[in-house]
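In C-alpha cells, one chain follows: the form predicted on its own.
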C-alpha cells in the first residue's frame, strides 16, 4: 500500500484555491500576514508553526515548518524541544478532559 501523504502534494497547495479563488486569496493574505515580523520575530513564529504542526499532526506543515526553522538558523535541538513542548501541552489537554469522565461517573453514581 502506498503512502497516504505524498511529499509532492505540498508543492500543489495552490491548487486548493482553484475552485474558490477569492476565499483562497483571502486565506493566503491572512496566512502571509500572520508570519510577518511583529512583536514576535519570523524565527519565533516558524518555531510556533512547527510546534502546532506536530500538535495537529499535519505532515505537510511539519515538512514546511521544519524547512523554515532550518532556514531561520535553528537546528534539530530547537525542533526537538519545540515538539516536546507541543506534545506535553497536547497530552495535558487530553488528560484534563478526564474530569469530564469523572463528572459523568459522579452524576450516574448519585
Partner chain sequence: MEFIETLKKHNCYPLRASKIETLQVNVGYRCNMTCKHCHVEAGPSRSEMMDLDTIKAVIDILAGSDIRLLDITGGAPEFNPHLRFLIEEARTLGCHVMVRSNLTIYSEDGMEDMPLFYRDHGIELVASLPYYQGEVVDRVRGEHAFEKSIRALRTLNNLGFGVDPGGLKLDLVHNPQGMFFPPCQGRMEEEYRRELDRRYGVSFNNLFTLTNMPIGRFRKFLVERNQLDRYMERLRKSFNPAAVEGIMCRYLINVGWDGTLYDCDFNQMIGLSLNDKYPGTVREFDTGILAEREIAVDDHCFGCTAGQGSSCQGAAA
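Positions refer to the first chain, counted from 1. Computed from a predicted model, the values in this text were never measured in an experiment.
This next part talks about the form predicted together with its partner chain, which is not shown.
Asker: Verify the contact flag for residue 7: yes if a non-hydrogen atom of it lies within 4.5 Å of a non-hydrogen atom of its partner chain in the predicted complex, no if not.
Answerer: Heavy-atom contact with its partner chain at 4.5 Å: present for residue 7.
Asker: Does residue 22 make contact with its partner chain in the predicted complex, using a 4.5 Å heavy atom cut-off?
Answerer: Contact check for residue 22: no, nothing within 4.5 Å of its partner chain in the predicted complex.
Asker: Using a 4.5 angstroms cut-off on non-hydrogen atoms, would residue 74 count as touching its partner chain in the predicted complex?
Answerer: Yes - in the predicted complex, heavy atoms of residue 74 and its partner chain come within 4.5 Å of each other.
Asker: Does at least one non-hydrogen atom of residue 84 fall within 4.5 angstroms of its partner chain in the predicted complex?
Answerer: Residue 84: no contact with its partner chain in the predicted complex.
Asker: Identify which of 35, 58, 70, 28 has a heavy atom within 4.5 Å of its partner chain in the predicted complex; exactly one of them does.
Answerer: Selected option: 70.
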